[in-house]
Every structure is written in C-alpha cells, then in structure tokens.
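Next comes just one chain, in structure tokens: the form predicted alone.
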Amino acid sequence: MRFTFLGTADAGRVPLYGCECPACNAARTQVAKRRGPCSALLETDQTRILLDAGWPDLDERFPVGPDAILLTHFHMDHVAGLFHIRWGVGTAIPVFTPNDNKGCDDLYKHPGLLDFRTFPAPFESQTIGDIDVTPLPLNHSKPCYGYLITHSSGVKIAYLTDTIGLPNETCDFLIQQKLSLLVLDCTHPPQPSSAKLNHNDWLHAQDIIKRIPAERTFLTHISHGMDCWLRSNQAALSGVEVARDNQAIEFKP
C-alpha cells in the first residue's frame, strides 16, 4: 500500500505569485521546494483513490482514471482539475463529497464523466475496492470532510485538510483509532490568538497532534509563510514531519 502526497500547498501555492520572500525565491530555483494544490493518491494492489482534485492538469496526470475521487470540499484549489476531465469519454468516475448543495460553479449541472455521490452520514464507512473510507466532519468555511482510510492490512490513515481545530466528535473518534499516519492541515506559522483563521496555524496543529496519537504525523496545506517560519524553527516540530510534493510512504503488509 502506498500513500503519495501529490501536492502540499495552501490555495496560494509556493512560490506565491509576486512574492519575494526567502521561501518563494527558493521555490523558484529549486523544484523540490515548490508546492502544488493539496492532494494525495492512495494505491493498493486493487484500488487507486485520489484525495482532492485541484491540479489543473489532472487529465494528463491520470490518463486512466482513479477508481474514485474523495473531495474534502468544493473550494477551487481542491476541485479545479474536475472541470477538464468531466468532458472526457469512457467510464464514469465516482466522486465522493461532503453534503454541499452548492458544489462549485456548474459541476452539478454538467457533471459529464463525474458521478457525484454523498456519504449516508458522517462517521459511516463506505467501501471502495479494498479500502474502507469514513468521512469525518472538519471546521471550515464550506462543508468539509476529512477521511479515515482503513485497509485490511491494519493500516489506518487520517487525512485532515482543510480545518481549524477539530470538531469534538471527530477528535474523540480519532483518539480511539490506532493511526498509522496522521496528515494534518498546518497552513500558518504561530498566529496571535486574535487572528481570524480558516486553517490551522502551528499552535492549533500542535494541540491536535498532542491529542491524537499516530505512528507518523505529517503537516500539509503549507503556506509560503509557514515555509519561511520553518527555515529557522524546524526543531520546534519535535518529530513531526512536513510533507513535500511527490513524497511517497510505503506500508508493508
């Protein structure tokens, strides 16, 4: 089983357009430091599931469609690639979403190849191939799900982006799991308590990490500001890892 971070940026990406900060300048000259739309790919011997679809070139990245797409929510940086592939031909692609009647632009009106589906209810699992997927409510400006991904080998992955803090029921549910991997939104460096945020800063992420045990924890949905802060504060993470684009994690049976 393999989990790959396809993209690890916030909506502005890194480098941020027009920005001359050290993180953005480094990303302009070093491909490895660039960050694209936050998304991931889960692969087993039987199943391929795409988590979010913000890459505009999704049709080129997946000339053969995944078995399913899990959308966390309908913000453009998580759905932009769907606008291209929907007009293709071939087998319909199931797209599982939170219950959001507005969706994004005209995706519902003209779904094309996309077979939009909603989960029966939060915390109720759906089986896709040999993977069980459980939707988990998050705190965001649109209806938003994180996902608990469970494989028969015992691997459990919690993918939690985008959110600021966690709803109590989601946190209580995850505390009971023995997570192999926790992937968590950490868009911002530490912010003043008065700051109005729609995503975790490091202080919010740190609180969640202390409450939810996991064998490995990765931060994602990283802003250029967070990358700048990390240049001199990497040691503060204390064992927590920062995801990079195209980084793959293998789980042995």
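Start at 1 with the first residue shown and count on from there. Source: prediction; values computed, not measured.
Keep in mind that the form predicted together with another copy of the chain is missing from the display, and what follows is about it.
Against another copy of the chain in the model of the complex, the set L16, C19 and G88 is in full contact: each member has a heavy atom within 4.5 Å. Residue in contact with another copy of the chain in the model of the complex (any heavy atom within 4.5 Å), chosen from I164, C104, L181, C171: C104. Note on the partner interface in the model of the complex: the residue among L136, I149, I93, I128 having a heavy atom within 4.5 angstroms of another copy of the chain is I93. From the list 61-69, 211-219, 183-191, 38-46, the contact stretch for another copy of the chain in the model of the complex under a 4.5 Å heavy atom rule is 61-69. Although the partner is absent from this view, A11 contacts another copy of the chain in the model of the complex, with a non-hydrogen atom inside 4.5 angstroms. In the model of the complex, another copy of the chain lies farther than 4.5 Å from every heavy atom of K33. When contacts are judged by a 4.5 Å heavy atom cut-off, M76 counts as touching another copy of the chain in the model of the complex.
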